[in-house]
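The form predicted alone is given below as one chain in structure tokens.
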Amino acid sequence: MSNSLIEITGYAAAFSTTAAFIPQAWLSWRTRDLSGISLPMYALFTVGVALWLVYGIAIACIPVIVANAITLMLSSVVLSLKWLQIRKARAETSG
């Protein structure tokens, strides 16, 4: 496979996986309903994305860097909203 085809494949993969995440982040932000989202899963996912970003930087791969930087921002927003939702629920139940 030629280098340009490999790079196009990388950009297509990066765009697809990042774009697929946008509707969930937008819905979570808009509705603030994160009842169906698992905090441990999102925490692990966010750590994984951060590690992919570090890896992309280490190998200087622009598609990996861009996709994971964007996804890290989006997943961090969802993770923060979920964490705040849990804190609010605990505060309401404890009085």
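Between two forms, the rigid core is defined as the largest C-alpha subset superposing within 1.5 Å. From 1 onward, residues are counted along the sequence shown. Quick caveat, the model's predicted, so the values are computed rather than measured.
Keep in mind that the form predicted in complex with a further copy of the same chain is missing from the display, and what follows is about it.
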property	result
Partner contact for W83 in the predicted complex: a further copy of the same chain, 4.5 angstroms, heavy atom	no
4.5 angstroms heavy atom contact with a further copy of the same chain in the predicted complex for Q24	yes
Contact label in the predicted complex: L44 to a further copy of the same chain, heavy atom within 4.5 Å	yes
I70, heavy atom within 4.5 angstroms of a further copy of the same chain in the predicted complex	no
Residues in 34-53 close to a further copy of the same chain in the predicted complex, defined by a heavy atom within 4.5 Å, in order	S35, G36, I37, S38, P40, M41, Y42, L44, F45, G48, V49, L51, W52
Shift of T9 between the shown form and the other one at or above 2 Å (CA, core fit)	yes
